[in-house]
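One chain comes next, on its own, written out as structure tokens in the form predicted alone.
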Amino acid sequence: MNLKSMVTFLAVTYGLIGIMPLFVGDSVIIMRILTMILIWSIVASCWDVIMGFAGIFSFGQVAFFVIGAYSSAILSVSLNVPPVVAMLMAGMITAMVGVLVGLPCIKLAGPYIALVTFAFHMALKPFFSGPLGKAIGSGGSRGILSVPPIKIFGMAFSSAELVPFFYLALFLTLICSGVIVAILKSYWGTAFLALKDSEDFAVSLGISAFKYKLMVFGITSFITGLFGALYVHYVGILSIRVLSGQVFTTLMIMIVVGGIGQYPGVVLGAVFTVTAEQLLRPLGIYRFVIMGGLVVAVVLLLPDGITGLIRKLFPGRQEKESRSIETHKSSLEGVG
């Protein structure tokens, strides 16, 4: 998707979401759905960047989200750091952890990266619930029960003030979406695609795999950690339950439905997944069966997700971009 189409897609989607509170601002359920759509759309977008564009099969996205949430909660509760400052610090902490996790992944590929990052994800639960976690203020298995709301110029933003918090989340979502678009349409994005398509050929053109792989880990981890921090100040409590397989599966459904590597289709994937999960909640555990069936259907019928369907319906309005190295060859010269 070219830059104009990408910006138009995001502007229309977030624009429609942004005016919803004018009509449904009194509905607690709908406002919570809209807020969670904004939060999860960015987290899923970061995962799509690292997996769909850079070709790094990282399964640590939920881990980075949780690290950002715990970092901001601990800083604001235990050290009395203002939530706004705590959120930025949480993003930086998560970025540093992301780079450290990315270091051993540089020499690995495919399923091995997935195993390393998923092992990191699995290690967080015993860490935060154990003695080390308690020592840094995680609250152990009990969690942190009184995370303060975000305050800006004396105004509080939390789940008690749904409409103000929604627009704060929308503001941050638009900024981070702009950053993601700028990266994907810059030399960095071209380098990510080149390394994904043919790392050996990309390296021969002077592109540093070490540099750009660490870069994508750092950038996506920062944004994910920032939104993890935003989430914890929204809900006001935090426990190791956020590391459950349900969150991981929900994020995976978003990028599959939207189309892996088809950004910004993942935003529609987030809209669909969050809304469907909420509507199916009365069915209890059976909602996961239905959601799983929907994912299987999408994979079989729409391998490129909703974005692929849109391209088929409106072929004249979508730029058919090839992701082969030959297409990007001229842009790659001098990138490294």
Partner chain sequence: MLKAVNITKRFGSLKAVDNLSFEVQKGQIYGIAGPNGAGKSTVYNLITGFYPYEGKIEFDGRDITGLPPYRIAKAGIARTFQIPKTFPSLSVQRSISVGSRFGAPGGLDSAHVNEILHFVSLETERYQKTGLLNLLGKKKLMIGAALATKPKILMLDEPMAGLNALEIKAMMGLIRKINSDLEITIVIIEHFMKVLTDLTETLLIIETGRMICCDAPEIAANNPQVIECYLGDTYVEC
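Residue numbers count along the first chain shown, from 1. Just so we're clear, the structure is a prediction, and the values are computed from it rather than from any experiment.
Unshown form predicted together with the partner chain; subsequent notes refer to it.
Although the partner is absent here, V203 lies within 4.5 Å of the partner chain in the model of the complex, judged by heavy atoms. Although the partner is absent here, Q246 lies well away from the partner chain in the model of the complex, with no heavy atom inside 4.5 Å. The partner chain is not drawn, but in the model of the complex it has no heavy atom within 4.5 Å of Y167. The shortest heavy atom separation between D197 and the partner chain in the model of the complex is within 4.5 Å. Only one of 179-187, 252-260, 217-225, 132-140 places residue heavy atoms within 4.5 angstroms of the partner chain in the model of the complex, namely 179-187.
Not one of V101, F118 and L124 places a heavy atom within 4.5 Å of the partner chain in the model of the complex. Between the partner chain and the residues L230, I113, A191, I74, the one pair within 4.5 Å by heavy atoms in the model of the complex involves A191. With the partner omitted here, the residue from C105, I207, A95, L172 that has a non-hydrogen atom within 4.5 angstroms of the partner chain in the model of the complex is I207.
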